[in-house]
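The chain below stands alone and is given as structure tokens, in the form predicted alone.
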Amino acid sequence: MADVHLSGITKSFGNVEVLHGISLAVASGEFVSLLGASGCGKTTLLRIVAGLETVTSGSVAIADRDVTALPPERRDIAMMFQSYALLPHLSVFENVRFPLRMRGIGTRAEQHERARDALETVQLAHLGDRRPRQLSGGQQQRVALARAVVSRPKVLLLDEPLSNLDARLREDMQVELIEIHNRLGLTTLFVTHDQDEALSLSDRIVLINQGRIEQMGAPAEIYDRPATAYASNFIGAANLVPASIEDGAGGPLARLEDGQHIALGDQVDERGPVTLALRQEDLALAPADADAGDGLKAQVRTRVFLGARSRYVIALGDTVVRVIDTGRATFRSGDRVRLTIDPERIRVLPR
């Protein structure tokens, strides 16, 4: 059963249409990320589910109940904002209890028990007497999450809740969110522009581009089998290389603009102009004089040191590609190299 069902959602602000017929079903207990660049419409869509924005057309259903015309407080949802919006004059405990008080849920004793349970869920029960200003950014984030789940909503809505955290703390909170979701099993819609967050947290990713769903699927599916050039470039930042598919003696070949070619697997049916999507981590470099088989002749333009790995910017004629290399060999700007890739890892997209 779908806990959230969106049907033909459109939204316009004046003469500008920002959502173009979005339809989506989110199953009970599923964690779905709405992923896309700034301004693509993902936050507007989340606010429509929350009841903070009205639809121009289409409908919203939660737990098989049409809530399109209902205000937020009657939708059985909780929303966690990017800013956390904690009340500075209340203790951590009272911040978490606040939604129960406002909605008249349970007796005072029941409210206290549920607030304690929510704080224990985020491992902050020992800080219940503190004020928000006495907490770190990560602790404030967890208090906001406890407040969001204390009412045990049908649907949890998260609007870029990790964007204000530093890199290390963001990684820790990703793990925290996964564990909390596994414990509570809440149906969750999560808005982010960060592909790593979407890949690590989600049961399913909905990639949105200019108000339309570009592709949706499980993280591994959408990463390994992007359906469009936009999906290839946005998730994993693949190299998009123009080529032309033609028949060779041993099977189809992708001929690049500099005249070099790559042997492809027999499963490739396309012929003529295409775009090859090549993941940076699927490419390998070797010295130009090494036995690299049918590797492509290339030249190193730049090396970016990343600690345990390096990113190389490589020139294939006039085409520039990026390579993530974890080997011990160090290439310098101007070095001639050979570039290889497993044909099974090449994604062929329409030009």
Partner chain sequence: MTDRTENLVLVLPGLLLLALAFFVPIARMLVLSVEGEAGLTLTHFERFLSDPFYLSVLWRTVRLSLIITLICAAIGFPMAYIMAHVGPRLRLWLIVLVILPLMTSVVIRTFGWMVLLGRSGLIPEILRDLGLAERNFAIMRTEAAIVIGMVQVLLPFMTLSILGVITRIDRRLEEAARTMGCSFLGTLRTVVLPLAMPGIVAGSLLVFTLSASSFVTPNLLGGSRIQVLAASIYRSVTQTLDWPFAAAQAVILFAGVLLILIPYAQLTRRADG
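These numbers were taken from a predicted model, which means no experiment stands behind them. Residue numbers count along the first chain shown, from 1.
Keep in mind the form predicted together with its partner chain is missing from the figure; the text below concerns it.
Undergrad: Using a 4.5 Å cut on heavy atoms, which of L199, M173, I180, L86 is close to its partner chain in the predicted complex?
TA: Exactly one residue meets the criterion: L86.
Undergrad: So which of H126, R133, R108, R168 gets a non-hydrogen atom within 4.5 Å of its partner chain in the predicted complex?
TA: Only one option qualifies, and that one is R133.
Undergrad: Spot the stretch among 247-255, 100-108, 118-126, 214-222 with residues whose non-hydrogen atoms come within 4.5 Å of its partner chain in the predicted complex.
TA: It is 100-108 that comes within 4.5 Å of the partner.
Undergrad: Mark R147 yes when one of its heavy atoms lies within 4.5 Å of a heavy atom of its partner chain in the predicted complex, and no otherwise.
TA: R147: contacts its partner chain in the predicted complex.
Undergrad: Any chance E281 has a heavy atom within 4.5 Å of its partner chain in the predicted complex?
TA: Because no heavy atom of E281 falls inside 4.5 Å of its partner chain in the predicted complex, the answer is no.
Undergrad: Taking the shortest heavy atom distance, is E73 within 4.5 Å of its partner chain in the predicted complex?
TA: Yes, E73 is a contact residue.
Undergrad: Is L162 a contact residue for its partner chain in the predicted complex, using a 4.5 Å heavy atom cut-off?
TA: The answer is no: L162 has no heavy atom within 4.5 Å of its partner chain.
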